[in-house]
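In the structure tokens that follow, a single protein chain appears in two forms: structure 1, then structure 2.
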Structure 1
């Protein structure tokens, strides 16, 4: 059997894990939720949640991954043989594949809009036309399936090259490029007349808007934004060398993720307010509001609006890909290590499964719209199942496994690199306390919040 691959160093580790964390949610959800829940007040709770909730869960996944040097299923078999914990490993193989199936549909939308921006199709659009185009596109039969196929094919192509030549190389080039692209949009967005209202919307501290629901939203955003509970971080950590500092890698990932979310907020919301439009969340923001804004940008200089449009939708596409490759790698690693498949065969098998399920998700927004699961379309059902149940369950079980099942000495050995990292040794009691007590309570709040609010 071939030797297991490893990431090349700390930069590679942080870039890959930041790529897994940075995704569409940073662009279409974070700015809106930030502004709606008190701006700077929400940001304060979010930052605290990143380091008191998300980072301990991140450490839990990385401890399991590097300790076991295995995929999510193999990790549980190796660290807790003959116990029911193997079902956690199975859960975190299924979850990312379910997510990838509908996430790649949305990724396909970004392929379509990037192509439209390259052909200058947004030059004469208006708000109603932008909304109508999006609705017609996602409800049509063949075109969203085609773009879903293209997006999934790109994802598979990257994963096919392996950890170092595929995932590491792609992440090391695209994450810095992604920051450059979003900063370019930010600079232009802040130069627009009326953009100051968007900045105020984002960062004016209003604690009256925060409330219990806002606090829960901040905790949930921190949890979901770093791709926790789904096995991607665990899988990537299994490729991390022993000498790497897991805590520093966690801080680096959290800072990259937070930094990109803030930059995206500055890039998007000032432009929305400058155009005199109401802020929205989700696909309506990215695929309906922003094409109209780019047209308004280009009213005096058409080439400028077209250029910003190209840069923005390229950013959307790259952000989606950095997350999708981490989700696909979870299933590929399982098939390669547990079922002894070649990477090519495993990649094709995972691609075929997620493609087929993704086709159903795509068609459920159109011709299969009448078929419902608990009153939801197939697309919305899978989204609700994964976001509200599977991911929080995975995160909770990871922290309970590291905090209560693993030997404390083994956890200490991984976090401190056998006592060779003085700072990690000094703060280990704090990290261990957060893993055992604080993170599980925080995840439980995230878990039940959809039932309360």
Structure 2
């Protein structure tokens, strides 16, 4: 078999990992989950979850990935051969594929919105018309299936090129550009009349709206946003060179991801209020609000409005792609290394599976609407299953594996590069304590709390 690939250097590692982390989770999911759970109170819990729970899981996944230099299944076979841990390996092959299926449907929506902004279709949009358009589009039969196919096709195309030429190159160029764009949108959004109430909403915590459900949603969102619990980060870490600093890369990625979510929240919420929409609108929030901002913008200068909307939907699309490639890579790495498939065959197999499931998800918002699982459409069921159960479960098991199953000396070796990084050596006891106790206990409590209250 060909030698395993590596990421080029620190910048490449952080950009690829931040590429995986920054995505629809930040721009599409974060604002509406925030809106549904009371704004500022949610924000506080979210930031805490990022550092106390998500970061330790992130470190755990990178330790397992780089130590084993294998796909998620192979990692468990190498580090804990012949034990039931192999089930964790298997679980983390399947869950990213489930996520990719519905993620690609939403990615497809951004393809449609990008195409629409290219044809200047948002010219006469008002919030009501935007809502109508969105609802009609996602519940229709053919178009969203087509855009899902396009999105998944581009994802497969990048993954086919491999780790360095595909994933690394793509993320390295697009992530910095995304930051510039989101800041521009934020500035514009804050200048809209009526945006002040949106800012206030984000700054005044109302804990009564949060509850146990809200806390678990904040944790689920933190895991989703940092791509945790399903082996994506583990797989990327398996391509990180031995001399790279894992803790710094993890911190860098977490800061990028959190920063981007906050920027997106502050870009979207004020615009939501300015448009007179309700913050708890749900998954359609971003797709209804943004066309409105762009049209408003267009009223003073049509070219500017059109240009910004093209760039904006292009960036949502690109952000989604840097994430979808990371989900696909998990399954591809598994098939190539464990089942000895060619990269092309493996990519096609994964694409076929996620495409079919994605089609079901898309249709479940329209013609297949009556088929309900636990009262939810297939699309919502998959999102709930993954974000609220599979991700936290995977995260919990990864921290238990590193904290309790692996030898402390091995964990030390990975985190401090055998004692050669002074800062990592100094903070090792804190990191190890977070991995061993704080993260697992925290996840467990939050896991069971909706059942208790």
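If you superpose the two forms and keep the largest set of C-alpha atoms that fall within 1.5 Å, you have the rigid core. Positions refer to the first chain, counted from 1. This is a predicted model, so every value here is computed, not measured.
In this pair, the copy labelled structure 2 belongs to the form predicted together with tryptophan (TRP). After superposing the rigid core, the C-alpha of residue 35 moves by 2 Å or more between structure 1 and structure 2. After superposition on the rigid core, the Cα of residue 198 moves by 2 Å or more between structure 1 and structure 2.
In a rigid-core overlay of the protein, residue 157 has its C-alpha displaced by under 2 Å between structure 1 and structure 2. Superposed on the rigid core, the forms differ at residue 283: its CA is offset by 3.4 Å between structure 1 and structure 2.
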